[in-house]
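Given next, in structure tokens, is a single chain: the form predicted on its own.
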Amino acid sequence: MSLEFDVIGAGIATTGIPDWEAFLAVLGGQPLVEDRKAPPSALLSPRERRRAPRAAKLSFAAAEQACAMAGLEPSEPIAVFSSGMGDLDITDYMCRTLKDAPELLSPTRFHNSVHNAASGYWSIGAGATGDVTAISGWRDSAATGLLEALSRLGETEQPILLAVYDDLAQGPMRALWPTEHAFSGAIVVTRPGSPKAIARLSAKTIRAREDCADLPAVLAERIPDNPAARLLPLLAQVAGHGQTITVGAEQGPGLQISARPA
């Protein structure tokens, strides 16, 4: 059984690819410029940006792009934030501080240590009063998040924003999460038939551990580096690269996604 859906917006932020335009350039064969960075969030005030954890800023970089492309206010879509490890910077800080000087633990950083910190900041910054969900599927968080977002289409006519993100590991955490590049990808999906559709797709669950897509080498090598980058095949498909792709999952079902006629 397959599920049909439309994509009306997309965004990306990773080392050297700060936005969708840069992504299209790399897909088209242009070199990746490593020192390019995403601009600061337009949703958070300077004070909130100082307080926000790094993972929230990372996820916002792609999510805001996707909403803008979809022509939506960030408060409009239902939102799903999916991450394997959340904020690794704060995890490292918490572990070190609790070991060496627990009395110096920052209340603000402790407050930001929860897995739903990014989605919480999105609720605040976007003024979202609807459903904003935070989930994790470990290294399968791209497939898990996509399944969650698509399943919501059976319950609502609202657009669904999916943001998949994972940061760099810090200190000893690198042994558990050996990632070299932070990554955030986002899409906004709707039920089929949207006049805003930039891609019309059909998804079905399959047993697939590996991701499948025809990507330039500089993009393909990001997938094994950061599990959130397993969203890359879908982002490339939205950009018109590939009729059928696979978003793999090591523990649960992956997704095979095929393009539909416009």
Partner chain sequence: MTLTCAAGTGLPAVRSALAAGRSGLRANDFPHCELDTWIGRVDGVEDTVLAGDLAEFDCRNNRLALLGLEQDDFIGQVEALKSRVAADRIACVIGTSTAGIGVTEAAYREMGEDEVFQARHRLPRVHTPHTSAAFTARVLGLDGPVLTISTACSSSAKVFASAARLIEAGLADAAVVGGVDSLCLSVLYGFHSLDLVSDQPCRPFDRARKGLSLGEAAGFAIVEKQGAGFGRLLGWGESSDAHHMASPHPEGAGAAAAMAEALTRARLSPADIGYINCHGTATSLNDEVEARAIASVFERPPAAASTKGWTGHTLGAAGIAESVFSLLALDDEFLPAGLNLDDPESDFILTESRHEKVDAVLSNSFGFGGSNCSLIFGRVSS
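Numbering follows the first chain given and starts at 1. Quick caveat: nothing in here was measured; it's all calculated off a predicted structure.
The next section is about a form of this same protein that is not shown, the form predicted in complex with the partner chain.
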* To do: Answer yes if any heavy atom of residue 205 is within 4.5 Å of a heavy atom of the partner chain in the model of the complex; otherwise answer no.
  => yes
* Contact of residue 157 with the partner chain in the model of the complex (heavy atom, 4.5 Å) -> no
* To do: Answer yes if any heavy atom of residue 16 is within 4.5 Å of a heavy atom of the partner chain in the model of the complex; otherwise answer no.
  => no
* Check whether residue 148 has any heavy atom within 4.5 Å of a heavy atom of the partner chain in the model of the complex, and answer yes or no. => yes
* Asked: Every residue in 10, 23 and 37 with a non-hydrogen atom within 4.5 Å of the partner chain in the model of the complex?
  -> no
* Structure fact -> Looking in the model of the complex, the residues of 241-255 with a heavy atom no more than 4.5 Å from the partner chain, listed in order, are 251, 252, 253
